[in-house]
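Shown next as structure tokens: one chain only, the form predicted on its own.
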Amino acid sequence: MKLLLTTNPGLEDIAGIECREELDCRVVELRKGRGRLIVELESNGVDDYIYTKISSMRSIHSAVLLLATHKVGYSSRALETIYEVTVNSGIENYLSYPHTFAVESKRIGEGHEYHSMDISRVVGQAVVDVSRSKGIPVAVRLNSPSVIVYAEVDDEIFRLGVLLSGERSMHRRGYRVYDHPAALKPSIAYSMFRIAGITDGEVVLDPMCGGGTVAIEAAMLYENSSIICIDKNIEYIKGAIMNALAARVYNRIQFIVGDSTKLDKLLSHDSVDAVVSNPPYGIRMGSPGMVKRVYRGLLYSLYNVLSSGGRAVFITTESKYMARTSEAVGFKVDHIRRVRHGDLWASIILIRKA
């Protein structure tokens, strides 16, 4: 049995690691930069155990039971192949009573002579035709269908399956009652924890916490850790508290109104083991000079409160400046990778105190 998993572009390997841990699967294909990986399980079907494991995963956005994969190309004639592949996929066997379905489709890449709406139309018609030919009364239902058929064309490859993870992307945790203007996806926060190598019991800090996503995700994962959430904007701290209350982890987090460039005045020397944060970018602050001043102040201040061997992971579009300044302060740059963050390509950078 194969599953198509989607995740944040640039973090496919993290999703693969989590999947191997949770499902004991084998990664058979990993589409770097596309947010896709295909994994294989020894199981012959999807049972409650697999559903539970999928729903507990923190790095993925969706999971699809993969029924068919076929090369279709870029021309409009691909739609004929998509129809035939769908008819012969066995999709009708997954239409549970009352036999209603919807199609979720995506087209990834450039140069195609057709759009995602065309894929939806053709796949939908194929599902109706093959189901009715086998005596299954089927109908399209856009609201709360019994099954969501997933179809995508990724460059030249068509993939068809049944969506296992529901209509809502799994990165939307449901606790966000306050929406910070530059909120970090929880799936990215989780991946940053993995990159930092955080273990339960360590002191974890987000010195620019905004709406509190990093702190809340950390509190959910690390039961024995002390979680600290700092922001100089009191309205953001209030919003982070609202989100933490909704997530039922408020009592696990220490909230502080304070300046991230003056951490040594807020926290004890060598008291923090790991930092994970989404600092403001130049495009959000309006001034590259302001970003540099804030980053420089943050890094110098952070060096005093981070323990020996402590790590900090940041996501930023200013990775070159962050790396240079980190090394000037005395940190060692261990890792940099490009990831998609909203509409931007940013970088995750891992630094370590010697």
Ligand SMILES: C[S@@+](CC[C@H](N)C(=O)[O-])C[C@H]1O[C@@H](n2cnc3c(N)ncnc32)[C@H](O)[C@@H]1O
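Computed from a predicted structure; not experimentally measured. One rule holds for the numbers: they count along the sequence shown, beginning at 1.
This protein has a second form, the form predicted in complex with this ligand, left out of what is shown; the following refers to that one.
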item	value
The single option of Glu156, Asp264, Asp259, Glu113 touching this ligand in the predicted complex, heavy atom within 4.5 Å	Asp259
Residue (of Arg176, Arg107, His171, Arg252) lying close to this ligand in the predicted complex, criterion heavy atoms within 4.5 Å	Arg176
Partner-facing stretch of 147 to 155, 162 to 170, 127 to 135, 231 to 239, counted where any non-hydrogen atom is within 4.5 angstroms of this ligand in the predicted complex	231 to 239
4.5 angstroms heavy atom contact with this ligand in the predicted complex for Leu66	no
Exercise: Leu205 in contact with this ligand in the predicted complex, heavy atom 4.5 Å	no
Non-hydrogen atom contact Ala183 with this ligand in the predicted complex at 4.5 angstroms	yes
Ile50: touches this ligand in the predicted complex, heavy atom cutoff 4.5 angstroms	no
